[in-house]
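Just one chain is shown here, as structure tokens, and it is the form predicted alone.
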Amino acid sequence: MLKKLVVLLLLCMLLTTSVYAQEALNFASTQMVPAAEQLFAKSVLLKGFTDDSGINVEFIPMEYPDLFTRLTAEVFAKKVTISLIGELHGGLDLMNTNGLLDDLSGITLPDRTFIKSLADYSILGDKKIYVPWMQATFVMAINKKAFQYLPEGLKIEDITGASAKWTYEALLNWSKKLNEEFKVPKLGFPMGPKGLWHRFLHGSIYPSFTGYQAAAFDSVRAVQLWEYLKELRPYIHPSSSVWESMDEPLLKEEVLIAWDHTARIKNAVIEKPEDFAIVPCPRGPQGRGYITVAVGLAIPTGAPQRDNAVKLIDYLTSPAIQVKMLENIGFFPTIQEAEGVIPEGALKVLTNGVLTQSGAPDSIISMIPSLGAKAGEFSAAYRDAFTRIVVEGADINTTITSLADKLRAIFKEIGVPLV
């Protein structure tokens, strides 16, 4: 009888251990939500991790507010079921403010060098709230023919290597020289109604000249910015006002220099990778401003399977997996070592430019402000300023003072600090 009880007890222990071993690690993500990307995440990305580690992962795609609501409820009830989170910087910042995230300062990820600017953003106060996972950004695309007409004192290496000589003043001088050679402007921006011109204004040139997107909107440095844009405008291709992406103008050689989101110039580079160089944005008096869409990996407070979650972070930030995500979903690596794994071709051209920009010592990263329903009004303020000042010739000080009041009111209403 005693032997039977011992056998039954051992069987129960084995069954319990087996069930626990098979319990999946829940990975909730606001990224890779579309059906095709979910399929890649489950059948390729995470399957590879399970095959290598023996750890089962349940991928849970979620919308931004749903993830925040669920995690808040779980953490405060002290019944956390999510072990790992994939989310944008802004969402992770909000989660951390509400006490939902663990401190990752103590984890070690060997054999990789995270891009410093992204790594710095992942630390709030003394707490590392996430590990940089993926990024998307805005860059400049150069038809290599334009390198034949560089202004005096500027070299190709200055532009491709983000040297201190690659400035907005250099861009102006280069655009002037191209205009002289071709008798038509060869600089282009996506200024059409659905183009991302407003992102250039608030995320690239404003930080470069003032150090901020909105906090110094009506400053003395902002006046200098608008004076610069008035001087640059004659050298911007007139069709920019209707262009919504720059891939076609680049392929048709209507422009030789263009600024846009990586996704909107990618087709040009894929079709003719030998013709183009992807380079960092120029720098202004305060630094080299540009927007990045940063995605991080975070562990909730009180998460189960924390050690396994760290193993998954290690896997997802490894060079080979970073490249696999670039090839399949178009997000760029966050580690320098990935550059050496990317095969030659269009993706290599794009990645070189992205990594050089994000690795530049004078980088000023801008994150798109989380303004909810007011996001459209925020973007419209910058476009309105350009139209009134540069196109219509309105007084700079009067215009930016009026619009600065509107911007401050938007941030105050939403309850987020000025950026």
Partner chain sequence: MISLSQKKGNWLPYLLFLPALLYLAGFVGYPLVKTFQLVFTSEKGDIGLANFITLTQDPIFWKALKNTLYLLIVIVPLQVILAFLLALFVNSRFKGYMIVLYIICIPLALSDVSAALMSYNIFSSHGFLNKILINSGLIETPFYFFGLGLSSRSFWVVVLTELWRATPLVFVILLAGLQVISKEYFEAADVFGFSSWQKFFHITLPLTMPSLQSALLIRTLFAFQIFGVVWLLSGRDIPVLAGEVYYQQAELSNFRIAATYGFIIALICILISWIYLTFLKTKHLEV
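Positions refer to the first chain, counted from 1. Quick caveat, the model's predicted, so the values are computed rather than measured.
The form predicted in complex with its partner chain is left out here; the points below concern that form.
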**Asked** Pick from Gln224, Ser239, Gln336, Ser219: which has a non-hydrogen atom within 4.5 Å of its partner chain in the predicted bound form?
**Response** Ser239
**Fill in**
its partner chain in the predicted bound form has a heavy atom of only one listed residue within 4.5 Å, and of Glu58, Asp66, Asp384, Asp362 that residue is Asp384
**Request:** Go through 341-349, 202-210, 253-261, 287-295 and give me the stretch that gets within 4.5 Å of its partner chain in the predicted bound form, heavy atoms only.
**Result:** 253-261
**Message:** Even though the partner isn't displayed, in the predicted bound form is Ala35 close enough to its partner chain, meaning a heavy atom within 4.5 Å?
**Reply:** no
**Item:** Contact flag, Pro193 vs its partner chain in the predicted bound form, heavy atom cut 4.5 Å
**Value:** yes
**Message:** Taking its partner chain as it sits in the predicted bound form, is Ala380 in contact with it (heavy atom to heavy atom, 4.5 Å or less)?
**Reply:** yes
**Prompt:** Would Trp243 count as a contact of its partner chain in the predicted bound form, using a 4.5 angstroms cut-off between non-hydrogen atoms?
**Reply:** yes
**Message:** Counting only non-hydrogen atoms and a 4.5 Å threshold, tell me whether Lys144, Lys272 and Glu327 all contact its partner chain in the predicted bound form.
**Reply:** no
**Message:** Do any residues of 386-419 have a non-hydrogen atom within 4.5 angstroms of its partner chain in the predicted bound form? If so, which ones, in sequence order?
**Reply:** Phe386, Val391, Glu392, Glu413
